[in-house]
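The chain that follows stands alone, in the form predicted alone, written as structure tokens.
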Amino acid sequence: MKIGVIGAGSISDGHFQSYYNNEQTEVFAVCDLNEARAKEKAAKYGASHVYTDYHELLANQEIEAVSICTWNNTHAEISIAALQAGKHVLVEKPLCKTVEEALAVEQAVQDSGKILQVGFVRRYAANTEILKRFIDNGDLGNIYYAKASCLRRLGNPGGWFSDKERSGGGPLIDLGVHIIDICWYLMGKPKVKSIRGNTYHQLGNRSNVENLDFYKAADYDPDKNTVEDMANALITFENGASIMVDVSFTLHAKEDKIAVNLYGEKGGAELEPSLEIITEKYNTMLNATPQTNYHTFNFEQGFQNEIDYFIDSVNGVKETRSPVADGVEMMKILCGIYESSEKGIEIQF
């Protein structure tokens, strides 16, 4: 299967390498506005075609599926164009910037009959798959509460990540999308009832801080930042369950932290920073640690599983685990948090 990758920035490496490792696929074409970068990736992964205009890539009839790894504000238009060109699509998270865009993408999927998989890569991680098996078999019972944090003390990547026009937001839409989605997914994807959210613009890029390294976008500019530093929210669902979440690019914190916890009637679980299952037996509470190669999210393994699953879905072997409908619901949640903060009210659905 010939694959085209649109956008050759840092996140694309997870896609390139995973397609390269999959015996059923060939990295056939690369597209990026930066031609030198596109040629570099093409040479590394053996792609025979290089483009700077994604329309030209989509016009190539030999390409059957594409990965979209571009700025968030282009996800919807490129996804729709790809579907209309008869391509299957794997689009990086978030699906887009607005609910309206998400609904337009969903309509394009329905009209085309093609597969669109949203890049919720943590759904494909080994620790998630293990925990979901326990949940599906009733070991945790009804999950009524989840709490998730992804806090960076210093880590605003700058560039397009800090440009709201291109990104749609800061840590909430970049980091929060992952941890909110994984909680929602493991809770059975209940329907949202209400959201109360807050965003803060207090610290900016904190480019003055010395002695700590962090990832910087290729177009990093310490003087430009239009996204939030930090966000938190309480999301409630029609079944009575709720998720509490907080995320940051920068915060006066002792250390970076990621934590994902779920609580059910029969047991609980810690997905991050390390997989643990908590239960009760013979009037005693037990902490159970699964024996596994990956107790936390492993980037390479997660992306390989995601790409392999996408190809199996395109080939009709499996049904996609992260369909466009889930991308639409996640945009409703993310946009609901931003709207709640902006208006200072609880958003009802």
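Please read these numbers as outputs of a predicted model, since none were measured by experiment. Start at 1 with the first residue shown and count on from there.
Keep in mind that the form predicted in complex with a small molecule is not shown, yet the notes after this line are about it.
In plain terms, the part of the chain that comes close to the small molecule in the model of the complex, with a heavy atom within 4.5 Å, is 89-97 out of 102-110, 89-97, 129-137, 228-236.
Interface residue remark: D174 is counted as part of the site for the small molecule in the model of the complex, having a heavy atom within 4.5 Å.
Interface membership of T70, defined by any non-hydrogen atom within 4.5 Å of the small molecule in the model of the complex, is confirmed. Heavy atoms of W184 never reach within 4.5 Å of the small molecule in the model of the complex, leaving it off the interface. Contact between S10 and the small molecule in the model of the complex is found at the 4.5 Å heavy atom cutoff.
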